[in-house]
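In the form predicted on its own, a lone chain appears below as structure tokens.
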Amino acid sequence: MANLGEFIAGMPKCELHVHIEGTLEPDMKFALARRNGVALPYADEAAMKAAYDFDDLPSFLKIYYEGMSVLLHEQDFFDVTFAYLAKARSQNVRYAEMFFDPQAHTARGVPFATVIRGIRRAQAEAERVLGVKSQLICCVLRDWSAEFAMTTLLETLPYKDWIVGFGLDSDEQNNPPVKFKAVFERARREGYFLTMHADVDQRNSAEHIRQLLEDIRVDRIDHGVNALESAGLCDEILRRKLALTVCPISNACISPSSKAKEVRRMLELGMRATVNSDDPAYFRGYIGENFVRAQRDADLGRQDLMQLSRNAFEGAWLPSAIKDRFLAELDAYTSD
């Protein structure tokens, strides 16, 4: 694995599934808490990390939303975003599409403008000084109302030039995709690309993926490994060349396995599977560690790893000329 580890480290990467709030590391969380006068329910970083013992999606989400309490000002959102992009660049991420969850902030009284202006400023600075390009996907929370989701969509409209896509995340139980059909129809009319989470091993997973394909008509599926339960779903995903954003380390934390073997199966079927980090500060692994986990658990070879990276660049919401530049860089890496 040593040679493959080096190969993974040097390989140009594209991240399509990372929640910017999920990159808030314990040291920064404590620093922002001190700066903003927020009391945290942990004595120190070690105690906080010890609480990151998740066994399902709800147990993770409780800690995830709790951690956002320290994000109050534009500079806070700048700091967490720039720190993620610097870490991503250190792992040779050339391009990232980042989720943000504005409802988790506006519901606490933090204005939408505060959130997005801090993130946007960090994106510009990271592209200037680090050379890492990024775009934003606004996510709405599926365990809240469709009306609140629509209000949030309307809040994005003054910032449309800063947002490439519109997504859905949070607790999937009793919150099927069709609950938000009207919201996503409006998002499409506004020109956003559409994606939704289809979390691993949820109740009615295959039915929810069917809704993503037929009722919402998404442009991408986040997670989505349960599509393998249905040949019909796989055929439709293949026909539409949809990317699936798999996150091995987080999968292993909230389900029985990393689903790396499912990633291998997707590759065998010709599906556009990708590897991503999800919420790396909480699941303790950025994109590089996720590639290593996938390689180890499914015995992936260099061509498999390259195909996963190629799939991500091809599935990115970028103009063809920019995609081609990144793909040429990936090709040059293997020819060296």
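In this text, residue numbers run from 1 along the sequence as written. Note that the structure is predicted; figures quoted are calculated from it, not measured.
Another form exists, predicted together with a small molecule; not displayed. Remarks below refer to it.
Contact segment among 24-32, 47-55, 274-282, 293-301, judged by heavy atoms lying within 4.5 Å of the small molecule in the predicted complex: Partner-contacting stretch among the options: 274-282.
Could you work out which of D199, D76, E262, E97 is the residue within 4.5 angstroms of the small molecule in the predicted complex, going by heavy atoms? By the 4.5 Å criterion, the partner-contacting residue is D199.
Using heavy atoms only and a 4.5 Å cut-off, decide whether all three of F60, D169 and H223 touch the small molecule in the predicted complex. Looking in the predicted complex, the three residues F60, D169 and H223 all sit within 4.5 Å of the small molecule (heavy atoms).
At 4.5 Å between heavy atoms, is Y286 in contact with the small molecule in the predicted complex? No, Y286 is distant from the partner.
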